[in-house]
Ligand code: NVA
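In the form predicted on its own, a lone chain appears below as structure tokens.
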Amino acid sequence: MKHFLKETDLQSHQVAEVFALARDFKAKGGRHTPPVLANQTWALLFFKSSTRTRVSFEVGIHELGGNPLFLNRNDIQLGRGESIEDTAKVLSRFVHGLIVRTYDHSDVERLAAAGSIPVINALTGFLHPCQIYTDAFTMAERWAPKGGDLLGSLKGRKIAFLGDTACNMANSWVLGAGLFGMHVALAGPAGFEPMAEFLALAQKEGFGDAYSFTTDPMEAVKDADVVYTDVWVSMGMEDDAKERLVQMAPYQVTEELLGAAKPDALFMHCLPAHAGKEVTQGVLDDPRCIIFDQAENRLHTQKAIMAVLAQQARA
């Protein structure tokens, strides 16, 4: 049984297939999507609230011919002490796939290990692989010739990621950069380097050299094809908000910082964005800002991931 818990769970030819399907799904606008999830129900198990993730997955399952079933922790017995393993085994008898958005990455690993249906990581506090595939596809559709090699267009490109470089998005970009043949320059305060737990995973996957870390934001954005940031205070970190805002202030993406990257560099943010904190309103209004392309492409890319996993499950 194939799952999508981290970026490297798909092989290169499968990544290329995801990108090609996403391009096709986007071009057709959901009108001619093959119903690969026909007569299937996929459950969305969300312990963290969401806008883009929930809507894109629910619409995507519907457009693939399936039925989305949304569940939060309070809807099921997991919220009253039933084990993750029992939950996985029960849901495997009822639904055909499971999409999980939670805090602890071990939750998705345990659900995948105990169940008998595909599990997709829709976000954990450790990794966010659906967002990374979406972001890479969004870049590739800008850089690849019309009808050309989407995956190949990413090779040799540089991303500058600024702010909390120990967060799930920074972790995922290191794995994604290695997988796509890119380099990610992380820039954040001292003490916010990638965590040892993640570095062990990156080394295991062979991507320990896919990133660099610096405390100098200007150094990070030099020659960057993309300048990327994320919120400074994620869900569950509200108690540390004041301290984090002070620590992260030098890493705000400003017009000056974006201007220090390549002249045609793109600005990206996985949203929600907070103007005046991690990014200025001027950067959000810049034509090089493609955050809403990213948001839209969550739908097309996640449909492609589900289609690939569903096909594998039938094989």
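Nothing here was measured: the structure is a model prediction, and the numbers come from that model. For every residue, the number given is its place in the sequence shown, counted from 1.
Keep in mind that the form predicted together with this ligand is missing from the display, and what follows is about it.
Taken together, the three residues S153, D225 and L266 lack any non-hydrogen atom within 4.5 angstroms of this ligand in the predicted complex. For C270, a non-hydrogen atom is located within 4.5 Å of this ligand in the predicted complex, even though that partner is not displayed.
Remark: N168 counts among the residues lining this ligand in the predicted complex, judged by a heavy atom distance of 4.5 Å or less. At a distance threshold of 4.5 angstroms between non-hydrogen atoms, T215 is out of contact with this ligand in the predicted complex. Heavy atoms of D107 never reach within 4.5 Å of this ligand in the predicted complex, leaving it off the interface. The stretch in contact with this ligand in the predicted complex, judged by heavy atoms within 4.5 Å, is 225-233, chosen from 176-184, 82-90, 197-205, 225-233.
Proximity to this ligand in the predicted complex, defined as a heavy atom within 4.5 Å, singles out one entry of A136, V119, L123, A160, which is L123.
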